[in-house]
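Okay, so here's just one chain, in structure tokens, the form predicted alone.
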């Protein structure tokens, strides 16, 4: 049974739009480079349990000497317990990416829901939600995340919650502005005239039009979340049983690696944070170029 002509036409237009968007994205060298780096980092992080042995991270089973410089045995040297810094950095990428992505998704969900509801319903609903948004915007996000991490029990969930519930206001404001623009379009008026309810309007028409902007914003939010996770772990508020880039920097500071000149202990996690954050930022800027044609001539 063949598909209706209208459905076929809509599918064709969406496929053409995706193809054109990918062509524009590939033309952005920074975005293509950032995406390639992220694919490599994510692949290595996922394959860490397959390509390495987690038992080598156990301080009771290591055989290396503490704070040894890079050598043929340990390419990036060892930490204060004799563990391979390369292995620590490799496994630390898993936790940093997990927390960053999870916190960004939580922030995206909260911000999208708040922005949609505030723009669609207006009135006292918008007033209430915007006042809550302004409250979180006024407070420094990092300070609020530190306070939440201190009050709640330590763990990965606490870090994700602390970052996610403090970084959504910017997404909420962007979604609200985009929703107000979308709801002025003729097809929204036609849907209302035909008796479309709130759930139909938001789920069928408004949300699909807003999601591309949300995805572009999320890539930038992931970068901020990774920095926030590293900061919280560096301050000793992360999960002490998990290895992350931030916890590696804290261990290096606490064990005297800085004063001992053990640059090999500091450089890998620091570079890891910088490279991943830069890659997400480049991807976010490239997505902005895809979604906003006015930027295509200014970012070549």
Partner chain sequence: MTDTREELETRGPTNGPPPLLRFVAAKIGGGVVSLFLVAVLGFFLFRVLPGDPARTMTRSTPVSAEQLAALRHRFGLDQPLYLQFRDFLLNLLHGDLGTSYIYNRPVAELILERIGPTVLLGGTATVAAVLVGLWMGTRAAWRQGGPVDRWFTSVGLTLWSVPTFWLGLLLLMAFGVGVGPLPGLFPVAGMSSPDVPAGVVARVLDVAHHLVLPCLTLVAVIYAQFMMVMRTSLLEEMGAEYLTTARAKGLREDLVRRRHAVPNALLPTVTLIFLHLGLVVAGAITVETVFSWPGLGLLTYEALRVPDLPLLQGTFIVLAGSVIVMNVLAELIYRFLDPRVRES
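Everything numeric here is computed off the predicted structure, so don't read it as measured data. Residue numbers count along the first chain shown, from 1.
Although not depicted, the form predicted together with its partner chain is the subject of the following passage.
Heavy atoms within 4.5 Å of its partner chain in the model of the complex map, among the stretches 137-145, 185-193, 75-83, 209-217, onto 137-145 alone.
Every residue in the set 152, 230 and 234 has a non-hydrogen atom no more than 4.5 Å from its partner chain in the model of the complex. The partner is absent here, but in the model of the complex a heavy atom of 258, alone among 258, 27, 41, 57, sits within 4.5 Å of its partner chain.
The contact residue chosen from 35, 242, 249, 45 relative to its partner chain in the model of the complex is 249, the criterion being a non-hydrogen atom within 4.5 angstroms.
Taking the partner from elsewhere, residue 274 is found to have a heavy atom lying within 4.5 Å of its partner chain in the model of the complex. Taking the partner from the other structure, its partner chain in the model of the complex has a heavy atom within 4.5 Å of a heavy atom of residue 282.
At the 4.5 Å threshold, heavy atoms of residue 67 stay clear of its partner chain in the model of the complex, well away from it.
Interface residue remark: residue 291 is not counted as part of the site for its partner chain in the model of the complex, having no heavy atom within 4.5 Å. In the model of the complex, just one residue of 111-131 lies within 4.5 Å of its partner chain by at least one heavy atom: 131.
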